[in-house]
Every structure is written in C-alpha cells, then in structure tokens.
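First, one chain by itself: the form predicted alone, in structure tokens.
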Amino acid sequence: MSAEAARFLLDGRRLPYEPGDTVAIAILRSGEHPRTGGTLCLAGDCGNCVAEVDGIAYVRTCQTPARPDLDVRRHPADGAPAWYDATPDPPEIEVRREEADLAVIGAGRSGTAAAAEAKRAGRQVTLLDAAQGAEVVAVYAGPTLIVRAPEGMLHIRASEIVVATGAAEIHPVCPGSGLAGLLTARAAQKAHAAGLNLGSAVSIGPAPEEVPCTALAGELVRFQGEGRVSAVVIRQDGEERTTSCDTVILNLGRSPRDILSRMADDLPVSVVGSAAEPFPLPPAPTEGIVCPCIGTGVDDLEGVWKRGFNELELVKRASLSGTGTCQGSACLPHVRAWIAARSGKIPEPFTARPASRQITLGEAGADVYLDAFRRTPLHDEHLAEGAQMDRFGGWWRPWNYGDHLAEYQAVREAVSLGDVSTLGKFVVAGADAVEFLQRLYPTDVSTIRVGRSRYALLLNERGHVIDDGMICREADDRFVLTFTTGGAGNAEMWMRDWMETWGLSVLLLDRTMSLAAINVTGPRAAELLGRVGLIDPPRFLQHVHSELAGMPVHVMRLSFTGEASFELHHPVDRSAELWRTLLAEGADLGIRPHGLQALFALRLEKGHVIIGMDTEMDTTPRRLGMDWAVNMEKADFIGREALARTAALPDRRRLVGLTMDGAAPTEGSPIASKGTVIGHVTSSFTSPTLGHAVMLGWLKRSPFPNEVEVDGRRASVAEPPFYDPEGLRARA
C-alpha cells in the first residue's frame, strides 16, 4: 500500500497510518488524542478512545484497524455525539447459531490452560477471543453467548462457560486526569512497539519493560498541563514534587475484567485466571473525575451519599458512575474504594447488563423481525377482502373494506363478520377465584351463574375506570375474562399484581394470542350459525362450548353492535378456515365483513363507551352514567373507598349523548353553551337509520344544559341508547 493510499478520514481531514495500526495508534502517531483526553489503556477497557466510526458512535478506536476511507469523527468534549447526517443503509447482518459443550472466553494463558484441561477430560471446547475475531459481548439465560464476529453475529448455546478475560489496569483519579498524554503500562508498551515517540516519559509505579522512562516513587497527587500533560506532581515523605514530562505511564494496579461473569450469577459460569483474582482496591479518591465516561466526580459521589444513597447500586444510579460506555471498568474500583472508606465494608461489584461493548441495533436485532403492531390470524383474509388496514390498540385491524356504510347496513339488516381476535382473553381459576374477582371488580361476581356472563368495569384504587369487558363463568371456580384490545396487557399486569398482593390461590392464563375470535352479528346471525352446527344458540349473556364447522368454539352471546351477536372464540390455527366457511355459508344471506369504522358507528348508536376514546384518565362510573355497574353493597373491591368518599360530593363532569340535525361534527369539536365552551365531542356519526347525527361528549360545567352548540349548530342532550333503547334486537 502506498503512503498516499494509507489514509483515513479524521474529523473530515485525511490522516496517514502505518500497516497494522489501529485507529487509536494512528491518531496518537499524528500527535493527537483519539478523543479529547484521559488515560488510554489501548485494550478496550475504557471509553477514552471511543469515536464515531462510519456513522456508528461509541466505537473503541483502539480495537478498530485503520483502513482506507474509514470515516472517524471524534466525540465532543461535552454532550453526546453529533447526528451523523450521511449514515448509509445498514448492511444485512447474518446470525449463526451453534451449540457448545464448554465455551471458554479468552485465549490468554488461563483461557488456553482451561481449554486444554477440558479437552484432556474429553470435553468439546469452543475457544472465543476478541483478538481472534470472536468478541463475546453478552451472556444471557440458557446460557447463551452473543458473539460479534467479522462475518456477523454468532449465538452460542453452551452447557458451561468459563470466563478467562484477564484483568484491566487501574486508571488514575486526581486533578488533571482528563489531559492527553496519560497511558497505562500496557498501552505504553503497545505505543512503543508501534514506534511512537513518547518524548520525556515518567512512570508512576513500576516502569514497563522496554519502554524508556523515568520511574517516580511516591503518591500521585495531580497532573498539570493545558490540554496535554506537561508535569506530574507526586507526594513523597510528606512533600510534593513536580516533574516535567511529555507522557505519564501509569502502573497503578489491576482489577478483574469480569463483566461477562457478572451478567450471570445463576448460570453455569465460572471465572479463572486474573479475571477471578481478588486484586486490592486502589486508595479511595479524594478529588477528581471518577467516571470519565459520564464525568462523575468525587464531589458528585459526596452529594449522593449525603442524600442517603449509601449502597453501591444506589450510588451508581444516583451519580450515573458506571453507566457509561465501559460499564464501570475504569471507575468501579474507585467507587468501591470510596464507599468502603465511608462504610467500613467493601461492596460487591454491581450486576453487569448486556452488552459489555456497544453493539448496533442491527447487531442486537439481527435475524429478528418485530412488527410493533401485532397481526391477527385473519390479517391476510382482510387483505384478500380489500380491507384498508389501520393501527389500533397495538394491532393491525381493518378500518373498512371499501364501503363502511354497506358494512354498517349488513349488520343492521342481514349478517356480518368482525375480527375481534385482539380482545384480551384470560382464564381465572382456583380455589380463591371468586374471592379474587369479587375484590377485583365492582360487580357481585358471586351471583353470576355457570353458563352466564356479565359486563363489568375495571377500576383502580381511585375509583377511575381503567378498562371494561365480560366475565363468563364456566364452573364454580373457573372464569373467562375479556378486556379491550388496548387494555389487555395492562389488565394482565394489574391482575397478577393483585394476586401476589392478596396471596390468594388463583391461577391466571393469558389466551389472547392462542385464541382467535370472530363476531357474527346481525338479525340473521343465528341462522348462519345454524348452518355450521350451532343448533341451539345461547340466549343473551349466555355462553356455551360447542363444535362449529368441525372445530371447538366457545360461543359468547352479547352485543356491542346493537344486534344479535355471537363471539366465536377458537384456536388461532383454524381461524382462517372458520372465517372462510362463514363467508361461504352466508353468501345468500347478504353477509359481508365489517371494519372498525362501521363498528364504531354501530356501537355509538347504542351509546356504548370505548375506553380510552370516550373516557379520560380520571373517569368514574358516575361520570359515565354507569352507576348501575357498581355494587356498593359489596364488602370491598378496588376503588370502593374512593367511590364512597366522593359519592356525596358534587361532580361537574358528565359524558352525555347528543343529537343534532344534519351531518355529524368532527370528533373533538368543542361543545358550547351560551357562547362558553363547556366540553368536547368524543364520538360522532351521521346515522342513516335514525336520520340525524348522534354523538357522545363531555360536559364539564354544571348545571348541565339540555341544549348546546356544536360546530355552530344546535344540539340536544339525549339519553343513550339512541337505537333500540329497549334492547329487543340484541336479545332477539
């Protein structure tokens, strides 16, 4: 390679390098620092050489080989790296998966010895070393090793792991430790071997072999200089002595490089060699920067200690020491020594979090595809029907199939299918199932008979509505619960938290992803279901287990649309089959699927509330006009005390029904009374059945008027439901 060709970009200018140079060595060769200053170990243990390389921040330049046209941008002295405005499309990263009997991390003396001993015992050994192109960055349960290699990522499932990663060198903590020109002993040896001129060099601690320098005896006090070290001050026999220099070599001791083992306390992971050696801690620092990655100083440690953060994990979180790019490799020994000096006890090192080295999101997510919005098993069926898909409640759902009014009419006049697989579906069973649900819900669960179901609200401790759904009783000690699409995850967390709090004998099974659900709704719904095997359909709010179209189905009779409706809960792997069968059998009945746009209109005509759309964070049953869903005669339930305490207080907020002539106003439109805004519309629809617009909206000022203005037009407050107020069609 010619001298002219052997260059890379450093902060926009071309910098030469020698064959075999790392980026850090090449920068040092030019007389500069790979970052802005600080002690260099040139072993990957600290963050003082990190830079942005080809658009990837926090890359250790001491372990990055220099090559032509590499684009390196040093991080600023303060703050985060600048946004890289020319980041190329990331390459496809391949993942290989392997099995291993014994995986040994580190090919030094202790690692090769452990590998040789295991081989003599007849074991199969996989030896991994960063210098040989296999950098282990994480240990997960399994145990599983995540390895970064030149050709991609390697995931190794091992029976046993041996960590033989050696020891890191101690960095100084004193005034001036952020200057350039500070090298650990090993870094000085590497720099000297690369032919770098260290100038007038002094050594604190034993001088490294073959490196020309003057060894100084005494206690390190501080470094002096402007940007680069020009002198070092030591204390000897009580007196301070200043020595001029160009480079300071630091041989202050070592600490175990055991971060990978600290990710896996409960896994078959052992540590050998110097990574397991109990090195003495350095003297407790008295001033200076302790964590160079974050900039945490001794004064910051003093501040968090005075505020009561007196454990290592708390000191770490409060001061951020140990949370930087090296995860405490440089600062952890000093922080432990500092705490030990105050508490009299040396704290154990904190738990390490994967990954030990910065990896890109592409490397972390290699061979994994995650759609943040889940898809039901009928997703492709919707697309085949021409559905316009939209995101709702964490799922892809059909908004419409091209004509939402035709879908609406199919429900009102014939029969329609709706995909409700997104509903939360849970089984609650056990000796204390009834007691658990009695405390959880404001309704009297004990009065629900086997084979019957009931609509119920879910409240928090403040009496606010956080979700709603159905309670279906299958046996004396077994119930099926449903929750809203967007609330299912929170509902599960909520239930499991209270189960643990109350210590009840209850089992909870989440079947949201294992069960699909299709809502068959409309005046001809029962007729269609009769064709696929449901001879004796359940009555309103009953549920049965049956076999339809040759598959097991849990049939729940309810209604969100205002028409006769049957939810068919069934195995996900047969959902497409059931969907197609129903469409085929109902072809002469005028069947067509409906999406959310039609569903929202249908439920609005019935005045049904959608949690999170019509409700607010502090909505109570009273504000919804749903006091009927709360049984205050019960001994106790979540939210009861709050509801009892506020029952006698005036409440100036109500969700009300509204009607008006003409087209429905936009959802979110302000509601005014006598020129003053007193609320807003949450849901609106121009009903072809009723011949006028219907709405739900909040009134937030009392006394509540009977007439208001919306969109500059008169609207009347009306009691929902607007359609079939007696509920005869849903019960037909």
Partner chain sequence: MRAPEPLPALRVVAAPEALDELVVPDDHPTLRLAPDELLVIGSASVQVVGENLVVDEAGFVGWWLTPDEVREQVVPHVDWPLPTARPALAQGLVAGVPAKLWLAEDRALLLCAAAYAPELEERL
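Residue numbers count along the first chain shown, from 1. Computed from a predicted model, the values in this text were never measured in an experiment.
Just so it is clear, the following notes concern the form predicted together with the partner chain, a form of the same protein that is not shown.
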The partner chain in the predicted complex reached by all of Glu385, Glu577 and Arg603, non-hydrogen atom within 4.5 Å: no
Partner-contacting position among Ser514, Thr286, Asn460, Ser343 - heavy atom within 4.5 Å of the partner chain in the predicted complex: Ser514
Partner-contacting position among Asp651, Asp367, Glu302, Glu160 - heavy atom within 4.5 Å of the partner chain in the predicted complex: Asp367
Residue contact check: Phe373 to the partner chain in the predicted complex, 4.5 Å heavy atom: yes
Glu277: touches the partner chain in the predicted complex, heavy atom cutoff 4.5 angstroms: no
Contact label in the predicted complex: Leu508 to the partner chain, heavy atom within 4.5 Å: yes
The partner chain contact in the predicted complex: Asp403, any heavy atom under 4.5 Å: no
Residue stretch of 586-594, 92-100, 346-354, 128-136 approaching the partner chain in the predicted complex, non-hydrogen atom distance within 4.5 Å: 92-100
Residues within 4.5 Å of the partner chain in the predicted complex, restricted to 427-445 and counted by heavy atom: Val427, Ala429, Gly430, Ala431
